[in-house]
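Given next, in structure tokens, is a single chain: the form predicted alone.
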């Protein structure tokens, strides 16, 4: 029974986080399942001190070309986010930030092309407390709102500087309404395909006309920045009618308003989209695929239940996620290892499982690019395809190479950590298979791994043997097809 509970906690931490460091695992194993879930969703009760450990001994390293500047250098911003994923004591906050980053997919390169690289990094990743103009980058906004009210997240994303550049909202003027954001807020961010019409897109473009950008802060000062501005002179004021209800009385028309009051048009549409049953079901299905399983269609009972919880809680994502993580579908053992790991999940989990002493996250960033994922750079507004599409021949080779590099880097630490578990080749293998959890391996695979350990002759458990064989086994296990599931 105890092992069954451990497996459940390990499953929870792979999905609600990125696996578990040894200290995390010890901490959560001391809790009941409900206590563990409550700790994860109530993460604001846990101090957010992770950034203060960057560059300190005992933590995974970073490499920067000059002073570490995640507010202005995108390579540094990527390393900071990976550092948080490895070392944060609020794992669900980082996991939900990744979920929202894919949901509201915004690409750094387009922002950089429009505003320059340092400014693009600023609007994607700056912390308001670090920025001279108190700019809060998109990822920081999503992190701050990781389990907030979905309606509030929508309003924040609609007024986010990076999003206004990414989907051309800054060019949405009454003479020529820009349709990109209106389309995506309905198709990808809320209701999904099939629940809106092309006339809805045009009406939505008019709703958000005047939701633009302006310069703020002292000219020629580091505080100078671009920020959201509702420009009444560019708002199209006539009534806008949709194919779905906007108001509680069933009315589908946003009334004509004076330009000075026109921002309410967008707020009314956001309220309607957040409260739509179609949005509730769309999000529930997406949460199922990300947190429960992607090996089949979302369970209709799960979708119905989570959609109901979403609506009854008035779109509170903390309530929703607690229900997701305690659902029978999530806790079913058939959901264990029923998701293909994203490159970032694979990398961070491997660091937590294998170790990080002397390893730089700059190496992980480069490796992830070869695996098909660059943080802050989803391929398009629909986000990453995920699932089996992660596993091209080249991408799988990149995962195997990362496993080899990490194992070799950690060989001395691995040898020390396995000393008490290496009386025989079988004991060493059993220990490492437990440390790097996978779906049940085929007996033939286990036999091949055992043969690998025995291959160099008599087993003595010497330091040289432990360094070579523990690193070799870690490479083979972490690079195996089975380890790619979470």
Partner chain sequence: MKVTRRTFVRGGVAAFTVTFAAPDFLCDLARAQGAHTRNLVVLYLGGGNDSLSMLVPYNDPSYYSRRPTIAVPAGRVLQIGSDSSRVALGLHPRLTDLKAIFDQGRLALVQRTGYNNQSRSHFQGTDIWSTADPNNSQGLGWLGRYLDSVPPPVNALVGWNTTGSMPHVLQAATVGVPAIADVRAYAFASPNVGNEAAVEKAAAVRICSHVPVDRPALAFVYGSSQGAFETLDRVAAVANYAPSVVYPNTGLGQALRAVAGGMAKAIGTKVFYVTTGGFDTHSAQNVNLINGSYYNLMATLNDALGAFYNDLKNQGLLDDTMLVTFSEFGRRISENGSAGTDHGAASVMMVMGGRVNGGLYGTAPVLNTDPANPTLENNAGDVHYETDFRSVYARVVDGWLGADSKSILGGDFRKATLTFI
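Residue numbers count along the first chain shown, from 1. All values derive from a computational prediction rather than experimental measurement.
Although it is not shown, the form predicted together with its partner chain is what the next lines describe.
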Go through 235-243, 154-162, 325-333, 185-193 and give me the stretch that gets within 4.5 Å of its partner chain in the model of the complex, heavy atoms only.
185-193
Since only the chain is shown here, I'm wondering whether residue 131 would be in contact with its partner chain in the model of the complex (any heavy atom pair within 4.5 Å).
no
Indicate whether its partner chain has at least one heavy atom within 4.5 Å of a heavy atom of residue 393 in the model of the complex.
yes
4.5 Å heavy atom contact, residue 411 to its partner chain in the model of the complex
yes
Distance check, residue 449 to its partner chain in the model of the complex, heavy atom within 4.5 Å
yes
State yes only if every one of 179, 384 and 389 has a non-hydrogen atom within 4.5 Å of its partner chain in the model of the complex; otherwise state no.
yes
Position in contact with its partner chain when the complex is considered in the model of the complex, options 283, 135, 269, 407, heavy atoms within 4.5 Å:
407
Could you spot which one of 445, 31, 427, 50 gets a heavy atom to within 4.5 Å of its partner chain in the model of the complex?
445
Though the partner is not shown here, which residues of 292-323 have a heavy atom within 4.5 Å of its partner chain in the model of the complex?
294, 295, 296, 297, 298
